[in-house]
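A single chain, nothing else alongside it, follows as structure tokens in the form predicted on its own.
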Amino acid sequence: MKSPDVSKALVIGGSLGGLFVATALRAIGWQVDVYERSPAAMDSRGGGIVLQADVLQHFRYARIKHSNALGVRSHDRLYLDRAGTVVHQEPMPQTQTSWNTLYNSLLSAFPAEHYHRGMKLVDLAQSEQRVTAIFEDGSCADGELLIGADGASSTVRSLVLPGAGYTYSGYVAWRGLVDENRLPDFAKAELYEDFVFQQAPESLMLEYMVPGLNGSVNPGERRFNWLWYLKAAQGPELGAVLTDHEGRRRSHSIPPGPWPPSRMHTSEKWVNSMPTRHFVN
């Protein structure tokens, strides 16, 4: 039970956004409870992320400790043409981390008894001083502040801003991760510890190294993260990209596993590809 003079916040959504705000509020003395609709642990809900200075500042501010380095350092930026020839190279050191590295660090710094899984929000109620979250199982929680961090299909957004939607920008992003020791030597020589771009008509691919699934940054235990941006016309073409292996048309992304592996679209044809996740912007 919270002290009567301690403010309480409810955070709906327990991924990175929810955990960043939850640990920030705890750092200034708030009691915080996080409610995540997924009943299972989110072991890897994304790929690589460029490590920004704001993230490091947050870790210091919230006093979050991490056993390994948060990312893998890259040295140069390489720009390749469609044939794979280096057309430009320049020194540009930076660090790349991964979703699961940040998530595990944030989650370990947050009290387990205040992180609630399998809690699907269905409604909100407000008074002048309190807000109440109502969940699918019939339970409720209340506090002085409620923060919606429940992703692209946000229930909080639909309740607070009914009718708000997306504007499609005209392209999709395919992404994947390859264990360092599984990448062929000919590709590793070109991509190793650099940030690499490759551009072709209506297409852009980029690649960089990130920590391993267990957070390791030791050589041989890291991963290559890649993203491939491709145009897809709104209508049947986009619909096909967003249809999973069961014929279900997803709204904006397909997670690893449910997408048809033989239907990765390029401007000329569908090709086979490794399992990955793709997103629509």
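All residue numbers are counted from 1 along the displayed sequence. All values derive from a computational prediction rather than experimental measurement.
There is another form of this protein, the form predicted together with a small molecule, and it is not shown here; the text below is about that form.
Asks: Heavy atom within 4.5 Å of the small molecule in the predicted complex: which of Leu146, Ala149, Leu106, Leu78 fits that? Just give me the one.
Replies: Only one option qualifies, and that one is Ala149.
Asks: Which pick from Ala141, Met119, Val196, Val172 sits with a heavy atom within 4.5 Å of the small molecule in the predicted complex?
Replies: Checking each option against the small molecule in the predicted complex, the one that comes within 4.5 Å is Met119.
Asks: Mark Phe110 yes when one of its heavy atoms lies within 4.5 Å of a heavy atom of the small molecule in the predicted complex, and no otherwise.
Replies: Heavy-atom contact with the small molecule at 4.5 Å: absent for Phe110.
Asks: Taking heavy atoms only, is Ser15 within 4.5 angstroms of the small molecule in the predicted complex?
Replies: Taking the distances in the predicted complex, the answer for Ser15 is yes, it comes within 4.5 Å of the small molecule.
Asks: Given that the partner is absent here, does Asp33 sit within 4.5 Å of the small molecule in the predicted complex, heavy atoms only?
Replies: No, Asp33 is distant from the partner.
Asks: Though only this chain appears here, would Ser74 touch the small molecule in the predicted complex if you measure heavy atom gaps against 4.5 Å?
Replies: Looking in the predicted complex, residue contacts with the small molecule do not include Ser74, since no heavy atom lies within 4.5 Å.
Asks: Within 4.5 angstroms, counting heavy atoms, which one of the listed stretches 125-133, 88-96, 150-158, 184-192 is next to the small molecule in the predicted complex?
Replies: Result for this chain: 150-158.
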